[in-house]
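Okay, so here's just one chain, in structure tokens, the form predicted alone.
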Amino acid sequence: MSDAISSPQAMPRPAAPRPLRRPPNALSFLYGLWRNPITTWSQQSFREPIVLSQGVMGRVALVNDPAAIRHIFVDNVANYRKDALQMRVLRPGLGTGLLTAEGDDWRVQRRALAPLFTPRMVAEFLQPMMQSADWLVQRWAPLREGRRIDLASEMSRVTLDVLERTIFPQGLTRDPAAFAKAMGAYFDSMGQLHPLDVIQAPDWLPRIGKRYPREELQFFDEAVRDMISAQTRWLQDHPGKPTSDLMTRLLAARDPQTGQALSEISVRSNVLTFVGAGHETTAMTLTWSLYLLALHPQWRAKVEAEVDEILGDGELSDEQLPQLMRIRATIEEAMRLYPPAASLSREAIDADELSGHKIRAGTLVIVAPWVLHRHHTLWDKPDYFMPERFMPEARESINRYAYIPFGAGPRVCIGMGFALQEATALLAKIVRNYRLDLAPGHKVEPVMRITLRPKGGMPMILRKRHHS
């Protein structure tokens, strides 16, 4: 049976703002960044390999050429550091963990944490991930047929449950619903780019209209401190007892070159990173995957058939994971259309050259997966859901640097394997037991708030699948 979706243009176009006919003026650009940054891209951005511009953010280079992207993230990575605006957005909530650290601090952390995310280590977490999937199935079981739920909220809740089972053996030390609510409020507030931040105005100028999430940041800081303290006490009370959770491994992590343990600040920052970046991106990937399946019932039927055959009534095993090819293709296509990190940016330290274009020192270099993954020179029918492009026979033809949902190079997301395994396990279990359809009357709108989130949530209609 062919996996191709016939006439993708005849299917609904997944929700996305239409590119502007021409680049916006300064005021329109600042307003667009404030409201929703993915609305600021013009048609030119999706058709040219490199677009150079001069505006309110200074000199900017938008890069969509895979060879140039490799140069930025791999070949000349030392010349491209994370920029000030990115740090302003991320550091208040995530501290100086792997996502935001630079230089020697980042190298020490990366060396110390890499052993925590080897394929063997990640495989050990499949069972607790499936326990979380079972928990979700049971959570939904009492709901009446045709119940309307907010899928985005539900996916946030189940990925928090995964964190409890894999990272925090003593629990979240806070009500999970309060945790999810605080996380959503943090991303909504900190992810909104205020015009004064964009133009790097001094901090003493008030950011009118922007709420600083002080309560949420205090909530996370206190919760993480309590989780670390609880696990430290448990380890002291149970010396020598074997554990496999990520928190214990994090506390025991050492730089293999120096034997140096992570500082207390680094431990806390990386726990915040696991909770913030890790849980949120997987929750949104699942949300967009189920949205796309609802939009394309023809492909959903193929996915359901695959899951029914492979999973049956049993639990998912390590050996079965690679067999869920349509599930994996759905997830990868969802991350193409709705990449977890819609924009990656760097500042050029010294002058450089990218694909024949001179890059001055201080240039803001943007590699935006939202644009790259929809670029007309790199993808066939880029605005349409075509998961067959990620099936094994077609996957090899995709340029490594044309598809970067987890970044690339030395700073590629360390939790990529963990996230893909988690998303695969959860999506397979959901599809096996339930079918979700779009709630009538709701307009889906992706909004960039650090991650790509559906504005107003993702209301969907929940129905149980009846198996023979």
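Small disclaimer: the values here were computed from a predicted structure and weren't measured. The first residue of the shown sequence is 1; numbering continues from there.
Below, we refer to the form predicted together with protoporphyrin IX containing FE, which is not included among the displayed structures.
Using a 4.5 angstroms heavy atom cutoff to protoporphyrin IX containing FE in the model of the complex, all of L98, R110 and G278 count as contacting.
Interface membership of F418, defined by any non-hydrogen atom within 4.5 Å of protoporphyrin IX containing FE in the model of the complex, is confirmed.
Taking the partner from the other structure, protoporphyrin IX containing FE in the model of the complex has a heavy atom within 4.5 Å of a heavy atom of W106. In the model of the complex, none of the heavy atoms of R336 sits within 4.5 Å of a heavy atom of protoporphyrin IX containing FE. Contact check for F179: every heavy atom lies farther than 4.5 Å from protoporphyrin IX containing FE in the model of the complex. Remark: of stretches 132-140, 381-389, 146-154, 278-286, the one touching protoporphyrin IX containing FE in the model of the complex is 278-286 (heavy atom within 4.5 Å). Taking a 4.5 Å heavy atom cutoff to protoporphyrin IX containing FE in the model of the complex, the contact residue among L324, L316, I167, V224 is I167. The partner is absent here; in the model of the complex, the one residue of I72, I359, L163, L272 having a heavy atom within 4.5 Å of protoporphyrin IX containing FE is L163. Within 4.5 angstroms of protoporphyrin IX containing FE in the model of the complex, the stretch 398-419 places a non-hydrogen atom from each of P405, F406, G407, R411, V412, C413, I414, G415, F418, A419, taken in sequence order.
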